[in-house]
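Taking the form predicted on its own, here's one chain by itself in structure tokens.
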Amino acid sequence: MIEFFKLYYEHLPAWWPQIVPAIGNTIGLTAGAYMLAVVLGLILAVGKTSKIGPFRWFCTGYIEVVRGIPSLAILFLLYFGLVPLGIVLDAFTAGFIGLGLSGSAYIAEVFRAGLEAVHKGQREAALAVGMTPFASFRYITLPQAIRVVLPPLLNMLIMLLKDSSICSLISTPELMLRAKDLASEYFLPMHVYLLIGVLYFALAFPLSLLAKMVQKRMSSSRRVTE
């Protein structure tokens, strides 16, 4: 056991200069994908609950199709499949767009559930006092829906953080790609992948605690209002 950890002491000074930038890339990749997924997810959720037929059909079809396609297939399509069309995306851009497109279909369902949790009578009351449909959505429906969907949205952020590891397969310079490089260079796969697993946990665990705290607070505030 002592010999096992001694190897970390010997190699960490050489590993950290490669791992630290990869951590930053992983965080940036996750943040970019998450922002894209949230924006698209909200649009898709609004579209799926819309009374405009073509818009509703398109959003519903997008959600069902994307949820049925592996994220890796979307990444390959963006990174390799667009090249014959003259569209060349670098690995980082293809990574966050692919994860964002994939995640948006799941976040759309989260938003849809939140929007439907708001009683329709509140929207009708807002319209009755002279608010426009957009103002009713912005000031009445959306704020209440966000309170409902905030915990699952944080859980989706954790999922995207972990899913960012598959971007190594299109050579995105994130943690898992650096782990593969270090394992090949130093022939210490157990040590390298254990370290990377600990780093992923260190990034995800605070988000998990935050999600539980928010969910607990939302539950307590809901009981008070009831």
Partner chain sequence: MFDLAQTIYFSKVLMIGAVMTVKITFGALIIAIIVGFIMAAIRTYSKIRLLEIMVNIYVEIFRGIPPLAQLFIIYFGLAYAGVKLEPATAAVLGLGLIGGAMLTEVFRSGLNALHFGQREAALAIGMTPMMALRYIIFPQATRITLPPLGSYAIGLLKDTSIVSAIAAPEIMFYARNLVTSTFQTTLIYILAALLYFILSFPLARVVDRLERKQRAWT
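Numbering follows the first chain given and starts at 1. Here the structure is a predicted model, which means the values were calculated and not measured.
Another form, the form predicted together with the partner chain, is not on view; read the next lines as being about it.
Put simply, F55 is far from the partner chain in the predicted complex: not one heavy atom of it is within 4.5 Å. Taking the partner from elsewhere, K212 is found to have a heavy atom lying within 4.5 Å of the partner chain in the predicted complex.
Taking the partner from elsewhere, I69 is found to have a heavy atom lying within 4.5 Å of the partner chain in the predicted complex. Taking non-hydrogen atoms only, S165 approaches the partner chain to within 4.5 angstroms in the predicted complex. None of I43, L188, L36, I27 but one reaches within 4.5 angstroms of the partner chain in the predicted complex through a heavy atom, and that residue is L188. Although the partner chain is not shown here, in the predicted complex the stretch 184 to 214 places heavy atoms of F187, L188, P189, M190, H191, Y193, L194, G197, Y200, F201, A204, F205, S208, K212 within 4.5 Å of it, in sequence order.
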